[in-house]
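Shown below, as structure tokens, is a lone chain in the form predicted alone; questions about how it binds or moves come after it.
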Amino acid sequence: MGFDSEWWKKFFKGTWQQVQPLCRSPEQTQKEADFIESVLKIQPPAEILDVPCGEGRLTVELASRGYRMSGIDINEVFLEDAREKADKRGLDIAWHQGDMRKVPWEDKFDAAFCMWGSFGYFDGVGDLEFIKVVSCSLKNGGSFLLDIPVVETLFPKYQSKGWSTIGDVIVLEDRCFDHTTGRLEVDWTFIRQKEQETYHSSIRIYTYREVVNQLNQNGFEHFEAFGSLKEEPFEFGSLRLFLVARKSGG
């Protein structure tokens, strides 16, 4: 396995594009939206950025609660799905197709969030670019929620192989952590009836301290870390890191 700097262009146009919308139930989406509202300490009609927004499940849910939402994603199929969901519910959402490292707004949002582990897709420079553009997009005092796997969540339960089912698709994972790059390299095999496809992902796995340092160096402060949607304090062995930071100046 090796690091393909643009692996995500292939991965999210394969079978994953079909199964991703099935991974979270409407009930799970509502719980995540509740969590976002709580930890970001926001109320309607605040302006919120969802980046990347995927098929818009959280963007649409929060817009239905009265927030002024904007969503960015590079995948045109996901965005078309997102637009259809919003239109069916009569919701006015600003959608933008593009790279998550190139947010087209400045000093606009009261808060932003990046859910489901999209941070770490790029090399170190690319990851920093993302943090910088999110910082620029926020008003002074705006809050940012980052949901990611980190060393402290990955290694207590790390296994080299795994499998699951999503709808009628069997998903096999062949994992390898490359200690020389700090990246988790995974071959994903999707099996549906007699058909199967294999795609590769590569995610930089940071430590909690490294992520906080990157945010701090780009204008963020006042960090809060949670280990679950129940707002339990983050600790070694938590399932995820949900890190909240506030842009300085507010």
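In this text, residue numbers run from 1 along the sequence as written. Since the structure is predicted, the reported quantities are computational estimates derived from the model, not experimental observations.
One more form of this protein should be noted, the form predicted in complex with a small molecule, which is absent from this view; the next part is about it.
At the 4.5 Å threshold, heavy atoms of D73 reach the small molecule in the model of the complex. Among heavy atoms of L58, some come within 4.5 Å of the small molecule in the model of the complex.
When contacts are judged by a 4.5 Å heavy atom cut-off, S135 does not count as touching the small molecule in the model of the complex. With a 4.5 Å cutoff on heavy atoms, M69 does not count as touching the small molecule in the model of the complex; it lies far away. D99 is the sole member of D178, D99, D81, E173 with a non-hydrogen atom lying within 4.5 angstroms of the small molecule in the model of the complex. Remark: all three candidate residues (Q20, G54 and Y121) come within 4.5 Å of the small molecule in the model of the complex, counting heavy atoms only. The stretch in contact with the small molecule in the model of the complex, judged by heavy atoms within 4.5 Å, is 111-119, chosen from 111-119, 86-94, 155-163, 136-144.
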